[in-house]
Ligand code: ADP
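Here's a solo chain for you in structure tokens, the form predicted alone.
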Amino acid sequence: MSEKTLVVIALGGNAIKQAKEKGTVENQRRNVAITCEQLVKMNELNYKLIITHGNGPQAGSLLIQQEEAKDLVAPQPMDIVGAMTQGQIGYMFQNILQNYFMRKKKNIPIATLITQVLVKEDDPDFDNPSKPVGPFYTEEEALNLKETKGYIVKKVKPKGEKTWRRVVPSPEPYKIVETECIQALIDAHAIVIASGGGGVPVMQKADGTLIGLEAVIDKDKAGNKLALSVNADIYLILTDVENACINFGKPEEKSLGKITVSEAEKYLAEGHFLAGSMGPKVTAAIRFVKAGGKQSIITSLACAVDALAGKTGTIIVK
């Protein structure tokens, strides 16, 4: 590449915490280190990188801690929890990436930016929450939590022993508040970690004041807004599967390779992608290309570099 290609990378929860793990610091740092190995390879291939990430497991765990300790320590609202987990996860990526580059004797600036994202207070998701947070549960466990804790729970995976999770409001993102700061860091040749967990959801009052809201924005949709706001070339969504599939979990299951926006929209309308799983990823990928992005890619962490080279993954183009 003669000119560096700007890639916004949206990392799924598996890049930080595997579903069957307890989420210890050791678990999370090991997963982040594996992810950072791929990020270093992308940097060596001359890609400019902006990293965004999910925070569902971390935010869910922190909310549980807050509930259990509420008689000892004042619990914090969800926007504060989002900011806290942005800092937590951003620190791990920043620290481990810096150490990788130091061992390679490369001086590459890396910055984590606590990011606010504008949403609308009357978003319908406040009435019908859809964003999974925290651990996976069996149906019995989930319904018990609904009864005893007042959780809103939904099935978010089509198969498996634990397919249910707690869900919270997930309003549509409209604007990345810190776009100018992110652009300045890109111009300074930094690797930027931004809009973590979808960003802190804020609404803007008539006088321009920003107010945090009790919600968690979908990180893939916010990642799309981030990619568009900085004129990224590629929006790369990394999850736990190599390709998006139609007829997932059925005998006629089929992996999707390179497809057009119209094909992706058709499959989405036919209900092939679950709302709490692949649905938001495909929606965000479609939006990026329709708004002028060159291509969106959905693939697994291990296949990221090959997918950027066009060798694998679900690649959505005009």
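So that there is no doubt, residue numbering starts at 1 and follows the sequence shown. All of these numbers come straight from a predicted model, not from anything done at the bench.
The discussion below concerns the form predicted together with adenosine-5'-diphosphate (ADP), not included here.
Novice: Have a look at 219 to 227, 158 to 166, 81 to 89, 134 to 142 and name the one stretch with heavy atoms inside 4.5 Å of adenosine-5'-diphosphate (ADP) in the predicted bound form.
Specialist: Among the listed stretches, the partner-contacting one is 219 to 227.
Novice: Let me know the one among A33, L274, I64, V261 whose heavy atoms come within 4.5 Å of adenosine-5'-diphosphate (ADP) in the predicted bound form, would you?
Specialist: Selected residue: L274.
Novice: Please pick, from C245, I110, L113, I234, the one residue with any non-hydrogen atom lying within 4.5 angstroms of adenosine-5'-diphosphate (ADP) in the predicted bound form.
Specialist: Checking each option against adenosine-5'-diphosphate (ADP) in the predicted bound form, the one that comes within 4.5 Å is C245.
Novice: Tell me, yes or no, whether D240 is in contact with adenosine-5'-diphosphate (ADP) in the predicted bound form, where a contact means a heavy atom of each within 4.5 Å.
Specialist: Looking in the predicted bound form, residue contacts with adenosine-5'-diphosphate (ADP) include D240, since a heavy atom lies within 4.5 Å.
Novice: Given that adenosine-5'-diphosphate (ADP) is not shown alongside this chain, does M278 nevertheless sit within 4.5 Å of it in the predicted bound form, heavy atom to heavy atom?
Specialist: Because a heavy atom of M278 falls inside 4.5 Å of adenosine-5'-diphosphate (ADP) in the predicted bound form, the answer is yes.
Novice: I'd like to check something about G12: if you look in the predicted bound form, is any of its heavy atoms closer than or equal to 4.5 Å to a heavy atom of adenosine-5'-diphosphate (ADP)?
Specialist: Close contact exists here: in the predicted bound form, G12 approaches adenosine-5'-diphosphate (ADP) to within 4.5 Å, heavy atoms only.
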